[in-house]
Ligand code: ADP
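Quick setup: one chain, the form predicted on its own, written in structure tokens, and binding and motion questions come after.
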């Protein structure tokens, strides 16, 4: 009963998913502890009505914990949660999860195996009559392309179809806020882009405020209006994908969005000298130790007008790109570069490189 992988969920239908009343959600000074260890440290974050915000970060950064606090299945040790300016959760009192108007889509989809897709989609519609709940559930299944499989059971579906069914169940009650925990992590890589794009279309149409947890920076940039980057329970930087990519606050943020070469230097006369060249560092005091980060993609092969010379140590074909490992004068460590296939002769060894200074970032060294 599988649906073809290339079927487009976002195709026009006669009926559209019911529009939600999007709400703002504010985390105010949220702290959380687990076994005596602080897992969230003073999170202040507001998600605007109708916004898609991605919580991004490595494993253990606190993303899922923050999501569970919003859903009401985890309690913070300090701080409050506000929905449309009204406090719904504090360490002393908490609105029950079912009364918050907040939907949660789990990473493993959490479909009830003994229920049909229709029954799964109806599960949260307890405030409606049986006929109204059925109509609303069928509408949600129709929106994700599964209306013809309403009587099927979850075990008969592929991973992608189960993801769609879980999304239908999440949007059926028309939540003011929809929370999604790594919703695409279990999908085949060939399907992931299509499912992600179609899911975003559904979220836009439903107009629900959405928070999506992911550890994939590219996925966050494709989906989010804004990204909140977390590390060790702290909020590192919040902004659009472009802002975090082009204007990272620190080395951690820069390295999360790009593969980097990192060299070290000290400011002298407003400049920092490295094996990759000299860079303007006037915003730092003389004597300051800096980490100088250069994106792999910021290095190109030049002919006759290169910024520096290098010797090719290894090269690996990656499809449209080649990954080079290069030895350069003045550096004991090899430098990595990603270049377009065909830009370097197959037998090339000694080459010239050009550095795109837009791909160079200077950060005060923390070591």
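Residue numbers count along the first chain shown, from 1. Fair warning: this is a prediction, and the values are worked out from it, not measured in the lab.
Another form, the form predicted together with this ligand, is not on view; read the next lines as being about it.
Which residue, 331, 336, 300, 64, has a heavy atom that falls within 4.5 Å of this ligand in the predicted bound form?
Selected residue: 64.
Decide whether residue 34 counts as a contact residue for this ligand in the predicted bound form under a heavy atom distance cut-off of 4.5 Å.
Judged by the heavy-atom cut-off of 4.5 Å, residue 34 is in contact with this ligand in the predicted bound form.
Is residue 39 close enough to touch this ligand in the predicted bound form, meaning at least one heavy atom pair within 4.5 Å?
Because a heavy atom of residue 39 falls inside 4.5 Å of this ligand in the predicted bound form, the answer is yes.
So in the predicted bound form, does residue 342 come within 4.5 Å of this ligand, heavy atom to heavy atom?
Flag for residue 342 set to no.
Would residue 59 sit within 4.5 Å of this ligand in the predicted bound form, counting heavy atoms only?
Residue 59: yes, in contact with this ligand in the predicted bound form.
With this ligand left out here, work out from 45-53, 307-315, 64-72, 322-330 which stretch has heavy atoms within 4.5 Å of it in the predicted bound form.
Residues of 64-72 come within 4.5 Å of the partner.
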